[in-house]
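So this first bit is one chain, no partners, the form predicted alone, shown in structure tokens.
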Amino acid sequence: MKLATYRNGEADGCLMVVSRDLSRAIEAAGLAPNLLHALQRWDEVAAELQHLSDALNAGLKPLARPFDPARCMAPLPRTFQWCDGSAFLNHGHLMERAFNTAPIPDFDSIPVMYQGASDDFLGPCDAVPLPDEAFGIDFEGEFGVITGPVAMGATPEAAQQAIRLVVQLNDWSLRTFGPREMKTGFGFLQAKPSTSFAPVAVTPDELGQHWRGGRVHLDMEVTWNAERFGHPNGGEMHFSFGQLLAHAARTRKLSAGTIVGTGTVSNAGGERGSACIAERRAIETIAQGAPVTAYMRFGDRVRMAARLPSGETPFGVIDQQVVAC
């Protein structure tokens, strides 16, 4: 099934069930007022939500209305925990080469992960307000999962069974803050403003053969100011989502509604382009000795969509403009 959240004046919005082709939507408030509520009671409401989804897809819900992404908040507008990994090792290796930094210890065997802010996610069409162009405004196309409860010390296999929904996201970055914050050893804070999400969260079965091995095997198509920037494929993740979740849960339990991201989708070889400006700049530095591509300016627009071979976009589209706050 596919779920979204419409604005209704409340911080957590109104839960909507969306048709498979993203053409229709119907309110699910009778089953759960919002997605966080549904995730916390998943065993009670999932079957009924699926029944509603099946009826909607069969055309048996005359009260359904055209789906409107412009009305959408992030599928989960706020939650208890948001952790972002770096599961595509190609991205990290490019950064090491470009900036001649020492390799991260155990980079290929222990996931790198930081805790981000989860109190104010952005919807797919929201303007992105930021304080200064000089901060190095960058987009980062990623996939993510939303979980049910995960026990402390869970194995990757057990953790993967806790995945309830798959999402597509843009983990905005302010690159001028990153180097200093990484050197402190305390992780990102000012370098990571609010993260944006595509309008629709999907159960893994909706992705069919494109969900396997705990990975999303789809291209992440990115355009910047209407020019194609890259289309790397999510299947090249070194760590699966099960492994990322097990890493996050090694010394703590994860609550229902936890979101874990992949980090920037990145493919070896460079033929597919990149999902963030920093990676392109790293490639330019390796090839030419210095970066050529500048970071974003106010008024710039970025569009991201994971696409099936049929052309469909199962998560919908992130389409946002950067503005001065």
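None of the values given here were measured: they were computed from a predicted structure. Numbers follow the displayed sequence, beginning with 1.
Form predicted together with a further copy of the same chain: not shown, discussed below.
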query	finding
Output flag, I110, L189 and C325 jointly within 4.5 Å of a further copy of the same chain in the predicted complex, heavy atom basis	yes
Non-hydrogen atom contact T155 with a further copy of the same chain in the predicted complex at 4.5 angstroms	no
Contact of P193 with a further copy of the same chain in the predicted complex (heavy atom, 4.5 Å)	yes
Proximity of D106 to a further copy of the same chain in the predicted complex, heavy atoms at 4.5 Å	yes
Non-hydrogen atom contact R41 with a further copy of the same chain in the predicted complex at 4.5 angstroms	yes
Among the candidates Q161, N225, T101, Q115, the residue which, in the predicted complex, approaches a further copy of the same chain to within 4.5 Å (heavy atoms)	Q115
Which of 232 to 240, 74 to 82, 207 to 215, 161 to 169 lines the interface with a further copy of the same chain in the predicted complex (heavy atom within 4.5 Å)	74 to 82
Stretch 243 to 267 - residues with a heavy atom within 4.5 Å of a further copy of the same chain in the predicted complex	H247, A248, R250, T251, R252, K253, L254, S255, T258
